[in-house]
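Given as C-alpha cells, the chain that follows is alone and in the form predicted on its own.
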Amino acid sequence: MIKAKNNSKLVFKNARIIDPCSGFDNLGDLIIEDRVIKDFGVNLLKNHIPDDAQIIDCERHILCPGFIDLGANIGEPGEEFKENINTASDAALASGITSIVCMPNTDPVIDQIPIIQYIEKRAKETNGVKIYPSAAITKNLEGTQLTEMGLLLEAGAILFSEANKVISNTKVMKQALTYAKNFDATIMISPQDPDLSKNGVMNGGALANRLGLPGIPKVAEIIQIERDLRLLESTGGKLHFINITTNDAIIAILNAKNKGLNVTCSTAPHYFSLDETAVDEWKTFAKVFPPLREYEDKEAIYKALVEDKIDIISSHHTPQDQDSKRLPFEQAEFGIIGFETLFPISLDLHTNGKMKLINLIDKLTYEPAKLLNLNTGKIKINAPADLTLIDINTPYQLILENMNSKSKNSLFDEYNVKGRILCTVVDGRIVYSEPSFEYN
C-alpha cells in the first residue's frame, strides 16, 4: 500500500469519469483541493493545471465515486482475532470502498452510545475507510426491547439492524418501524424466518438431503419479507432488506414498491455468482447465511440486478478464522469475506450480463449513499473527494493469501477476473495504491 504525499491538491487527468448521480460518463479530468472535488469535466486542463498539484495520469481508466458497503462485519470490538478496524480498513480501501456500515453484532453489541463512540474513535485513529455504525434495533439483539433509537442516532448510528437475526415478535417489529419512522431512520433486515431457519446450515432441498445436512428452505425468506412488508404498509417508514437470495423475494419487494412503499433491497456477489453446489463435499467456506440457493435462484438474482430490480450490491463481509471454519459443516461458522471480491465479481454483470457500467457503479455508490443520506457516492463540485480508480480491462487472478483481510475465508481463490482497483481516495488523500500503479 502506498500512502499519498501530503498535498492538498490532486489532479486526475485522462480518466473515464463515471458519475451515476448526474449520468456523466466521459473522458475528462478532475481536480481535488482541500479534501473536496474542486472541478471536473472534459478538457478541464487544456489551458491550466493548478500549481503545486500532484498529477495522476489515469490512462483512460475508470474514475468513479468510492464504493459504499452496507453490511460489513469488522470484528471489533470482541472478535479482533478474526478482523479489526485496521485490517478491515486496509481490505476495504484495497477494494475501492471508501465507506462501510458496520453491523451491530459485535461484543458488546452496538446498542449503547459508548460503543458507537468507541468505533468512531478507532476509525479516526485508523484514518482510513469511513466507518458508520449501525445500531441494534433491540437491546442485545434479543428481539424483545427496543433500543433508544433517538439517542443512538444523535450519537452517530446511521441505521438500525439486527444483523443476521430478525425480530420474531410481530408486535415488537411493528413498534420498531413506527419508532424509526419518527426519526426518519432506516430499518435494515436480513430476512429469514427464525423458526424455519433454526438449526439449518445450507439451502433446504435435494442436495441438503443427499449430504445429510439440515436445510433452510427458501420459504423462510419470503415469509419474513411478506410479514415485514405488511407491517411497513401499516406503519410507514423506511425498510431495507439485505442479502436477498430468492426470486420470490424479488417479486414481493417489487410489488411493494409498486404500491408506493419505501422499501429497498440489496444482495451480495456470492448470491449471484455461486449456488448451493459450492457446498458439495461439505465445503465449509460455502457455509453462509442466508445460504447459497439453487441455480435458478442464483440466475434470478443475477437477472434482477441487470434489470434494475435490486437496488444495491454489498459485500456481506463476514471474516472467520480458520478454527471457526475448519470444523464439521454443521459446527462451522457462517460467513465469507467480501471486500476484495466485491467489484471484480460484480463486474461480470457488465462484461457478461451486458449491464451498463454506469448502472453497476450506481449500485455500489449513489444508491447506498441515497439510502444512508450521505453526501458521498457522487462526483460533484464541493462534494467529499471519495473516489476510486479502476482498470476494468486487464485480466488478473484473485489470490486469497494476498488479500488484506485478517481472515481468509473465501471461495474465490484463484478466480480469473477483471476490475483491479488501482487507487482509492478518501477526503482527497490517496489512501491506497496498487503496487504496480505508478503516479508522480
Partner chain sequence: MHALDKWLRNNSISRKTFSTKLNISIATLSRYLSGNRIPKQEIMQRIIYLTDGKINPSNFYIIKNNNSSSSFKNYKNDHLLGIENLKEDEISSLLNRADEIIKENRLEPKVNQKYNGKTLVNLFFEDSTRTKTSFELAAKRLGIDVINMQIETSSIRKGESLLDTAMTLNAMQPDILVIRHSLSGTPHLLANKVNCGVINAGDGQHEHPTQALLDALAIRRRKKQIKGLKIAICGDIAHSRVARSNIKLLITMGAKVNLIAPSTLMAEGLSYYGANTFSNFKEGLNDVDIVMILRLQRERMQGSYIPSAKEYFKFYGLDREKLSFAKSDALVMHPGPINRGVEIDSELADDINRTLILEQVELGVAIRMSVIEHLIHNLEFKK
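Residue numbers count along the first chain shown, from 1. What you are looking at is a predicted structure, and each value in this text was computed from that prediction instead of being measured.
Below: the form predicted together with the partner chain, not depicted.
For the options K171, K259, R230, R210, the one in contact with the partner chain in the model of the complex, meaning a heavy atom within 4.5 Å, is R210.
Interface residue among N182, T144, Q331, N127 relative to the partner chain in the model of the complex, by the heavy atom within 4.5 Å criterion: Q331. Contact with the partner chain in the model of the complex, defined as a heavy atom within 4.5 Å, is made by none of D308, H350 and V417. Heavy atoms within 4.5 Å of the partner chain in the model of the complex are found in one stretch of 300-308, 245-253, 107-115, 212-220, which is 212-220. Contact annotation for A206: at least one heavy atom lies within 4.5 Å of the partner chain in the model of the complex. When contacts are judged by a 4.5 Å heavy atom cut-off, L151 does not count as touching the partner chain in the model of the complex. Looking at R326, you'd find a heavy atom of it within 4.5 angstroms of the partner chain in the model of the complex.
Taking the partner chain as it sits in the model of the complex, the stretch 258-294 comes within 4.5 angstroms of it through a non-hydrogen atom at E281, W282.
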